[in-house]
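Okay, so here's just one chain, in structure tokens, the form predicted alone.
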């Protein structure tokens, strides 16, 4: 994990339109939804710890001060964007008058944005394509920061509009016909010295990235933001479940587990063939390859399997409806004493 206890970069914003109590409650609820710890909670301060830094709120005489601290400028930018997406959705007035203390000149590129060029495309069986990007300043893409977003312009657009910062330091993304497609992917590997980042794409009809890759865009320059999301697991007992959208993340986590780790990993795909995606795991991890439709959906299988277990770490990446059912089961009927978890919806029907 990035060392959130030693921040090197900070930003704050004074918000007079909110009370400390309302922002505190929102921050605590968001932390609970995303399984993030609250490390400080007093009468006038609350602090949430993430993998990439801290998000804090402090009572002031005229409202509340929001403060972000992180070990790099990219992480700081990621956290500020997350605040806007998550907290502003719950507290719309958060957006009014929010000005970051570290605001760069208006029109600047966000610190977590990079341009990248496609330099290699390699098939991984019939379901996946491995993509290699050439970029710069990739040092933050460590074993604990493995996710990022593409910033893909609309097909055929001649004059691309990229994101920029406004005068308050908030990221402004192009809208309408200029909107960029920004799906999340897992960095399967990263060579920061060489400036190379590798990720795998699940190929499926109708997918915008799939259609783009079918044009063989070697040499094409696109955008990317990150890193973000959760990182590797330091666990000795794991139970992991994913459909194709979660294969890259689950595979990267498995290959970096302790060689003494034990548990099970379930891979659900349209054909259930193990050779269709490369996976390396410790000897103590039993791999299950499931064909979709031949039994329970992957998230429901997780419910059934975890009802039989206590302890260990539960990791699930699948369709939103199944993930919602799993979360409801975790909250009500499952035996979860001692079980920690990462449960995330990677797509929606």
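Everything quoted here is computed from the prediction, not taken from an experiment. Numbering follows the first chain given and starts at 1.
Keep in mind that the form predicted in complex with a small molecule is missing from the display, and what follows is about it.
Proximity to the small molecule in the predicted complex, taken as a non-hydrogen atom within 4.5 angstroms, holds for one residue of 154, 278, 207, 125, which is 207. Of the candidates 185, 239, 75, 267, 185 is the one whose heavy atoms come within 4.5 Å of the small molecule in the predicted complex; the others do not. Looking at 102 to 110, 172 to 180, 208 to 216, 133 to 141, the stretch with residues near the small molecule in the predicted complex, meaning non-hydrogen atoms within 4.5 angstroms, turns out to be 208 to 216.
In the predicted complex, the small molecule sits within 4.5 Å of a heavy atom of residue 201. When contacts are judged by a 4.5 Å heavy atom cut-off, residue 227 does not count as touching the small molecule in the predicted complex.
At a distance threshold of 4.5 angstroms between non-hydrogen atoms, residue 232 is out of contact with the small molecule in the predicted complex. At the 4.5 Å threshold, heavy atoms of residue 114 stay clear of the small molecule in the predicted complex, well away from it.
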